[in-house]
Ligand SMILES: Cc1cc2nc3c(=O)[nH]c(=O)nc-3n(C[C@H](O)[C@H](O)[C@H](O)COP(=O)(O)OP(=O)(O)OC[C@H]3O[C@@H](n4cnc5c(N)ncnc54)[C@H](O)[C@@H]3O)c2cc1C
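First comes one chain, alone, set out as structure tokens in the form predicted on its own.
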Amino acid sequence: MPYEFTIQVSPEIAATPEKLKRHIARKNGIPFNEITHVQIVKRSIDARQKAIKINLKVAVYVNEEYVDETITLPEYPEVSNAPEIAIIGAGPAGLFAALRCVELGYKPIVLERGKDVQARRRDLKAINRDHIVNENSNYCFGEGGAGTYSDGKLYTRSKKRGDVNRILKLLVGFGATSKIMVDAHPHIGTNKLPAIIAAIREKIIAHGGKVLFETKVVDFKIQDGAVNGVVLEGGDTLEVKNVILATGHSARDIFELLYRKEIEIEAKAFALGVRVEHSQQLIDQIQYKCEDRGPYLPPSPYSIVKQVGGRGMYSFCMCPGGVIAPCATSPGEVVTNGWSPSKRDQPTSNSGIVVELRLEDFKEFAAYGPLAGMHFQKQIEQTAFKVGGETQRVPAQRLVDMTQGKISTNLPETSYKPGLTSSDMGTVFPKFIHKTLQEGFKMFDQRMRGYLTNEAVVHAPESRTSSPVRIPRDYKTLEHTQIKGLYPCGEGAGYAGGIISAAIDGEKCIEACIANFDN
């Protein structure tokens, strides 16, 4: 059995196997030549002091052979003729629900409004270059969902919801680097995720499941308070009695459909704000307290939470060495998001900086009932479209200018490819959000000296942080509280907040569905 040690070492030692082995031998009185292997189990960075340290949990093999544990996928049965379960949406919740469905011997039929990962690329190019928004194929809709082309961050605080390691192992089995099992804040990268997503889809199909692209659900057949089928665009009906609803946080047409059919939904608080871009070098200097981070440290992230006048303001989805992307899902709106490639090697970093919203903030939209927050969100996105020049050019302002209420006389080029329009953020946001952002950024600078600089550029809005609607479900059966056989699932239903938690929820919903199958 290997010895396990928790140690703290310099970045150079942590990155150099020979030096790490010598350090462990010296510190623990183990002869160097008797250590056959050092396996890093967990890794995190401690940048609180000027001398940055790497925290490691290691397994040390002494006079015994190390055999690399290959992560293998489960044995998936053939399910072509098994009972069918419809899964609406091929994001993390939908795909992991489908995988678990196959594993448990049932046949998933995945209905995805968008295109496969490769075909999506053309539509992403069109929105970046030509400002054309395809309502069914964009950064939010299509195979893999919003996560595929927006970074692949795997960090989650939802460890009590389910087995995080199981999801990570599945991702490794489908092609992700095994480093995601080690790093405290694991990350795959937008350039690596498409191949992993395609491999998951191929596995589902190879074992008898179905994955149907450009297949949009437009209605539900409900009889005697239970699902009896789903209606597809074009008029075809898929007759199923069990439906996993995993459509993501931007499927406004689904929220509107449920509301029209008087299927219970609830308004949900969320957060909304801007995406700010700095040079990665500046963030490294602030966080690592040095001029040059050197070859052994990764591009630094940051995380800040402040209370501004009793309202929370915080960083969200921070992307070291990344870029800002246009994430509108309909013409006539502007939305931003950020992503990083696997090496996080871009010269800029960006983060959503968002303001906590409460249900009472949506009073102006009370006539929309539970869709009030969605319409609040939509109005800001449509306002940004108009302010930006009625293209995908984004309203933008230098950071110090924004805090002082000055329109920037010029703007540097940023990573946002469709371009910028110099604007006053006060024309995009309601006064309470604008004022909170102005004051909050000054407070951020107290936490990270140098953060408040006019070299940084604010892009608006960052509005799709989470779903503005919750679709209620029974806490035991996970069925909708009103409709038998309908399982609200994942981020769009209000039960997840990222790739890992959505995948966990997808598995949970399938397991609950199968447990209820014959009841």
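Position 1 is the first residue in the sequence shown; the rest follow in order. Fair warning: this is a prediction, and the values are worked out from it, not measured in the lab.
Only in words, not in the display: the form predicted together with this ligand, which the text now covers.
Q: So which of Val308, Val217, Val133, Val164 reaches within 4.5 angstroms of this ligand in the predicted complex, heavy atom to heavy atom?
A: None of the others qualify; the residue that does is Val217.
Q: Quick check on this chain: which one of Gly248, Gly273, Gly373, Gly440 has a heavy atom within 4.5 Å of this ligand in the predicted complex?
A: Checking each option against this ligand in the predicted complex, the one that comes within 4.5 Å is Gly248.
Q: Please name which of the stretches 401-409, 195-203, 88-96, 298-306 has residues with heavy atoms lying within 4.5 Å of this ligand in the predicted complex.
A: Only one stretch passes the 4.5 Å heavy-atom test: 88-96.
Q: Please tell me whether any heavy atom belonging to Lys153 falls inside 4.5 Å of a heavy atom of this ligand, as the geometry stands in the predicted complex.
A: Lys153 belongs to the contact set for this ligand.
Q: Can you tell me if Phe141 lies within 4.5 angstroms of this ligand in the predicted complex, counting non-hydrogen atoms only?
A: Result yes; Phe141 sits at the interface with this ligand in the predicted complex.
Q: With heavy atoms only and a cut-off of 4.5 Å, decide whether Asp284 touches this ligand in the predicted complex.
A: Judged by the heavy-atom cut-off of 4.5 Å, Asp284 is well away from this ligand in the predicted complex.
Q: Is Cys509 a contact residue for this ligand in the predicted complex, using a 4.5 Å heavy atom cut-off?
A: It does not: once this ligand is placed as it appears in the predicted complex, Cys509 has no heavy atom within 4.5 Å of it.
Q: Would you say all of Glu381, Phe385 and Ile433 touch this ligand in the predicted complex, counting a heavy atom within 4.5 Å as a touch?
A: Verified in the predicted complex; spot residues all out of contact, no.
Q: Considering only 324-352, what residues come within 4.5 Å of this ligand in the predicted complex, judged by heavy atoms?
A: In sequence order, Cys327, Asn337, Gly338 come within 4.5 Å of the partner.
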